[in-house]
Structure formats: C-alpha cells, structure tokens
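Form predicted on its own, single chain, as structure tokens, below.
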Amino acid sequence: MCGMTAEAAIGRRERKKQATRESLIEAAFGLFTDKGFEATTVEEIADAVDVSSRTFFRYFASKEDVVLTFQEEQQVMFLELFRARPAEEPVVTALKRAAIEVARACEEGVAGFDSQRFTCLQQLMETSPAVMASSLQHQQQKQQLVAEAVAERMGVDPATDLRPHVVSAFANCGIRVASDCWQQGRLNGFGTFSEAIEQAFSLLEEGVNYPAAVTR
C-alpha cells in the first residue's frame, strides 16, 4: 500500500466490496434460474464466488434479501422518474409514466437493469411462496415513500391528508395486479409487463367507481 493515500485505499476496498456483492447477486440469480429458489443454498451461492457462507452473510441477511436487491433498484428508479415528471402532470398519470419506464428498462436491460434477472424474478414470484411473501412485504414497506412523493407533488401534508396514501396504495395494487395477470396469462391484449402496467394505470386514471349492473 506504499504510496497509496488513505482515501485511495478506502476507495479500493469499497470497489472490491461492491464487486464481491455484485458477484454474489449474479451467482445467486444464475442458480435460481437453473435450480429454483428453494433448491439453491447459501453455500452454493458462496461457493460459486469462491467465498465462505460467512462472507455471504456480510452482504445479505438471506436468499430473499438477494432477490429484493432488484426490487429495491426498481423502487429507487421509480421514485426518481416520478419526481422528474412535469410539475403540471396529475399524480396518477405521473406514476403511470414512471412505472412504464421502469418496466421497459427491466424488459430491455437498460439503465443498469439486467433483463435476465428481471425474467428470473418474475418466475420466482410465481413459483416461490417465500419470494412472493418477501416481495409483498418490501412493497408494503416502500408504500409510504410513494405516498410522501405524491404528497409533495400535490403540495399537501401526508400527516393530515389521506389522499396521497390512497393513491400510493392504489398504485401498489395496480402494479401487483398487472404483474399477477401478466405472469399467469389471465388477460389478453398485452404481451409484455410494461403493457400490463400501462393498462392497469389507465384504469386507475379513469376511476373505478363503476356503475352497478341493473337487473329488473
């Protein structure tokens, strides 16, 4: 380390840690794709990177935590895009545009996303109860952040105004339903996740106070 400043040494260590973390994520998703989530062990993930299980747990609390790294990245981008939408745009429309852009980035493997990991994540959510439960918990935890961003756009206080929380919950529900229906092929008319997202948010834009069927 002769000739290397303390700042440079810290930077080097951080880059090495980030590289190890990324290698663990890559190995995990590869194994999840080949073997499935439940059949993959932490030991196998660590062995694939030539590190110990103890090292794995320095970066992740569990296998589920590895999967959620992708969702966390989606959430960060979603909020950034939502806040960047034109100020005059209504909240649901802005949420819709942000959600579609994130979904397309995942599908196309751009903006730092890996399309193969995205496909793997969708499959895991359909086939693994543990992954689905962790995913739903993560979404619920992040719902408050969306409500705060909506309140900021509306110029209201989320501590006293219920509307941002309702909008956030609706958006969360719309994304979840679009994902479920797209994965299971319940509806026709769209071939990609982003198309399902667009349809779900378009319905939210229109409103859901549908008239009752009148029978005589």
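Start at 1 and count along the sequence shown; that's the residue number. Since this is a predicted model, take the numbers as computed values, not measurements.
Absent from the display: the form predicted together with the DNA. The rest refers to it.
Using a 4.5 Å heavy atom cutoff, 20, 41 and 50 all lie near the DNA in the predicted complex.
At a distance threshold of 4.5 angstroms between non-hydrogen atoms, residue 26 is out of contact with the DNA in the predicted complex. Using a 4.5 angstroms threshold between heavy atoms, residue 59 counts as touching the DNA in the predicted complex. Put simply, residue 184 is far from the DNA in the predicted complex: not one heavy atom of it is within 4.5 Å. Among residues of the shown chain, residue 148 is not one whose heavy atoms approach the DNA to within 4.5 Å in the predicted complex. Residue heavy atoms within 4.5 Å of the DNA in the predicted complex occur in exactly one stretch of 61-69, 175-183, 148-156, 161-169, and that stretch is 61-69. If you take 92-111 and check each residue for a heavy atom within 4.5 Å of the DNA in the predicted complex, you get nothing at all.
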